[in-house]
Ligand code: SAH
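Take a look at this single chain, the form predicted on its own, given in structure tokens.
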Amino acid sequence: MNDKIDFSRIDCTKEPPLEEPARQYYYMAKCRRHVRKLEQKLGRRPLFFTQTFGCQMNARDSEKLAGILECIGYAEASKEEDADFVIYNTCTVRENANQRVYGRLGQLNRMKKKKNHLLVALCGCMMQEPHVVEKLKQSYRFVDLIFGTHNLYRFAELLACRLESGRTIIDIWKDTDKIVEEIPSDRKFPFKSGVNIMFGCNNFCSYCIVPYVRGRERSRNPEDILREIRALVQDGVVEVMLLGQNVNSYGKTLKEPMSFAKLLTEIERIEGLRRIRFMTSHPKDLSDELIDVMSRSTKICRHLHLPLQSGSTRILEKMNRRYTKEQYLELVEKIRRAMPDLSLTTDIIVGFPGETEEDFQDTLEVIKKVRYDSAFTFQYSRRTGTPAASMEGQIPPEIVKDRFDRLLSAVQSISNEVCGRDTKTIQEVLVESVNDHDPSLLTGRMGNNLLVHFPGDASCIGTLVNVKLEECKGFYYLGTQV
């Protein structure tokens, strides 16, 4: 993608185009002139460093930011302190994510005092909160560029304004219905890629800030998605991860509605694509059609992330999840009947306002019945601007911590039993990297999303190989290639 833009044909003396993405290519060309001058001043190519906080959607957004920066002349730095441009792509789902960003900004301020050409940019979900932007204006005035989730595609335009004006640029949109395609991207892995199929969320769970910072649901045109995946496969990608806040509701905003199951069917027909993953699924929207498509598929990975959040019907109602404990268990039973070998993972929150010990015991009961392969467990985080933040019955921290510890113990005990079920079997593994701790080992991922470490040569990275699983270590296997 980055090589397809012919910047030599863009005349920066003319007015910028109004249509997208041509308008952004124009501003990339303008930025290139500024970066070229910086390169001459430094005597080397300028470096950028991107720090991503949060979910896979943010990680995919960061790949686009990196693609734009490389288009305008930056190279990626391996360490933040070496960079001439630092950008934080932020998350605001939990309060500690915000605090991490503020802590890192202090370090960047010290860097900027030593390196006066250093540019600092902040974007992502945290920037969609007005009180955050006000705090940045008051206490972190050294930040050069602040933008949110809805106008990320305008990064080059905003950067050009900063480079030409020398002043801080703040551009936050409350919402948008725009989806801009063909923005440069730099994939982290050459053999697998995330693909956005939709943006935003309409669920308004009472604890969640996402609908307020990501906006309303809007689905990409299926032909655009299919075209992107075909191009990725031609470029060597064998696995795609379909991304959305609630992929099960894909297609509802299209002029000609299309179900997520139908989209999966079309994607599976793409020759050369070997694996399809997706997340996240909302239980209330998981259809019989989707279960049927998954059960018959040869490419959709046997892994489903199905957030529970709570096992108490009373708490689920307060969370505005729109399903009951019984409905969730019935859905799991239906899924398991269709796909007995499916790996099931989940999200669980403890300490939601008003949660009693009986409610918590309901959650433990669901965990024991479902027997998840793994679970992401969270202590409730009070987020300003959500209905739950003002609810009565906020749980004391010591009680939340006690329940969290008991939850984690139960989840880990079951996971250790469940995840070992494939020991001594041969499984197909996508090789992802040389092992971080032992260079004689490779690290790969099975279809059920579990990691496998096994002896091998780096030339196997990006390929699918068969591995005999010799020993389960809880959340990963040790194996041998066969």
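Each residue number is its position in the shown sequence, starting from 1. In this text the structure is predicted, and so the values were computed from the model without any measurement.
Not pictured, yet referred to below: the form predicted in complex with this ligand.
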Check your understanding: Looking at this ligand in the model of the complex, do all three of Ser193, Val240 and Arg274 come within 4.5 Å of it through at least one heavy atom?
Key -> no
Check your understanding: Hey, in the model of the complex, does Met339 get a heavy atom within 4.5 angstroms of this ligand?
Key -> no
Exercise for review: Would you please decide whether Arg321 lies within 4.5 angstroms of this ligand in the model of the complex, comparing each non-hydrogen atom pair?
Suggested key: yes
Practice item. May I ask you to check whether Pro307 falls inside a 4.5 Å heavy atom distance of this ligand in the model of the complex? Key: yes
Exercise for review: Would you please decide whether Ala121 lies within 4.5 angstroms of this ligand in the model of the complex, comparing each non-hydrogen atom pair?
Suggested key: no
Study note, to complete from the structure: Residue within 4.5 Å of this ligand in the model of the complex by heavy atom, from Tyr140, Phe378, Tyr153, Phe189, is Phe378
Point to revise | in the model of the complex, the one of Arg94, Arg302, Arg162, Arg104 near this ligand [non-hydrogen atom within 4.5 angstroms] | key: Arg94
Point to revise | Segment that reaches this ligand in the model of the complex - one of 207-215, 265-273, 250-258, 407-415, heavy atoms within 4.5 Å | key: 207-215
